[in-house]
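Next up: a single chain in structure tokens, the form predicted alone.
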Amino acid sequence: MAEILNVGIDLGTSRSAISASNGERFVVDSFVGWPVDMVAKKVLKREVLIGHEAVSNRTMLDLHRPLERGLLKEGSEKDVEAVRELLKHLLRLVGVNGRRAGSNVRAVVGVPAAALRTNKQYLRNSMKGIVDSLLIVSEPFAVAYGLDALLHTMIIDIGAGTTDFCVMKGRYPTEEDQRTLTVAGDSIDTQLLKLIEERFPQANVTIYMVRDWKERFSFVGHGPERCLVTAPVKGVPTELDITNEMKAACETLLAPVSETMIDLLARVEPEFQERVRANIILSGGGGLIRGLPEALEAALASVGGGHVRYMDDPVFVGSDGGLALAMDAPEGDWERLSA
């Protein structure tokens, strides 16, 4: 009997996490890079770099972030190769070293709700030869399954590339139960960088710096502190107050997320709407934006009120949910992949 390793993978635009049935779990930045030339290869002594190591050495690399808006980029062989390298790296971290005799790897992969329709085949092709059996589900559904929040619940999963919504009705969600927005962490980063450049035109700021600042200071409503950061201005390290810019960039989420949340609630059977309004869960890195649960509850006041809570530690909630699904899924739900 082949030994089965079940894994849940949350394949994210910014970070990807894996949880395995052997108790191992890891998270890596979703970046893959190859040395740009002979000199870079001599310095790095590596054929490929993945995750934070790739970002830290990006000046020497052909750097790829193969998931765009939560979807595997189409038409780029290098991006397909990058996502395969990322997946193989995640599996190596949990102890899968190549295709060992007697091993059987079953993977549940969480993707944005829209990817289930448009991008599933690309992901399926990228997994061939890496895992034996595959089940692709929406990220918010994987979160709901891991939390055992399967009935009268709404999950709002705010990642880097997408914000995904899913209403759980005690069964597999349908397309009508889900939504995907491309207003998410990356769009906040882009807006924040634009606002900082407008306010401090002589400051030298990169998108990587902005992303770090957002993860430290993000808020909507009334901020608990000033957002003070340091960046070079004409080559001199200078303290900048980006509080107003941080607030404005983060609050670009509020209107689209509130409107989509209320629209989905309106489609729930009338007698169950109150229960769903009282059980809305934020996940993903964007779910940690300070003040966001309170702002969404304020939006719910117009439809009778509700309760929004966030995950204290969202890093593994999607991959843990995928693992729970892998452990429970009947044989008929799996798709067998040939190499």
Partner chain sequence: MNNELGMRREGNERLKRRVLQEAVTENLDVMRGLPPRAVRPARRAGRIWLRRAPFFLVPLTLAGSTYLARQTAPTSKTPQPRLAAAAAVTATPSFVRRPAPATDTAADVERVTSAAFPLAVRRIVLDAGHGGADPGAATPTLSEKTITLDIGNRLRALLERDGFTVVETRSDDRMIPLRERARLANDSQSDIFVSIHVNSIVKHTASRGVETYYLGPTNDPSLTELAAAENRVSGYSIADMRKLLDGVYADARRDESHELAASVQQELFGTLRNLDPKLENWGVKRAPFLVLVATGMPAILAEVGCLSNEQEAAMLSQAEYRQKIAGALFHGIRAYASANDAPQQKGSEHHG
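Note that the structure is predicted; figures quoted are calculated from it, not measured. Numbering follows the first chain given and starts at 1.
Beyond what is shown, the protein has a form predicted together with its partner chain; the following relates to that form.
**Student:** Can residue 329 be called a contact residue for its partner chain in the model of the complex at 4.5 Å between heavy atoms?
**Tutor:** Answer yes; at least one heavy atom of residue 329 falls within 4.5 Å of its partner chain in the model of the complex.
**Student:** My question is simply whether residue 135 lines the interface with its partner chain in the model of the complex - judged by any non-hydrogen atom within 4.5 Å.
**Tutor:** Result yes; residue 135 sits at the interface with its partner chain in the model of the complex.
**Student:** Does residue 124 make contact with its partner chain in the model of the complex, using a 4.5 Å heavy atom cut-off?
**Tutor:** Contact check for residue 124: yes, within 4.5 Å of its partner chain in the model of the complex.
**Student:** Please tell me whether any heavy atom belonging to residue 213 falls inside 4.5 Å of a heavy atom of its partner chain, as the geometry stands in the model of the complex.
**Tutor:** No, no contact at 4.5 Å.
**Student:** Consider the chain as shown here, without its partner, and state which of 269, 77, 239, 198 has a heavy atom within 4.5 Å of its partner chain in the model of the complex.
**Tutor:** If I apply the 4.5 Å criterion carefully, the residue I get is 269.
**Student:** Name the single residue among 226, 234, 222, 171 that comes within 4.5 Å of its partner chain in the model of the complex, judging by heavy atoms.
**Tutor:** The residue in contact is 171.
**Student:** Please identify, from 142 to 150, 80 to 88, 204 to 212, 248 to 256, the stretch that has a heavy atom within 4.5 Å of its partner chain in the model of the complex.
**Tutor:** Looking at the partner contacts, the answer comes out as 142 to 150.
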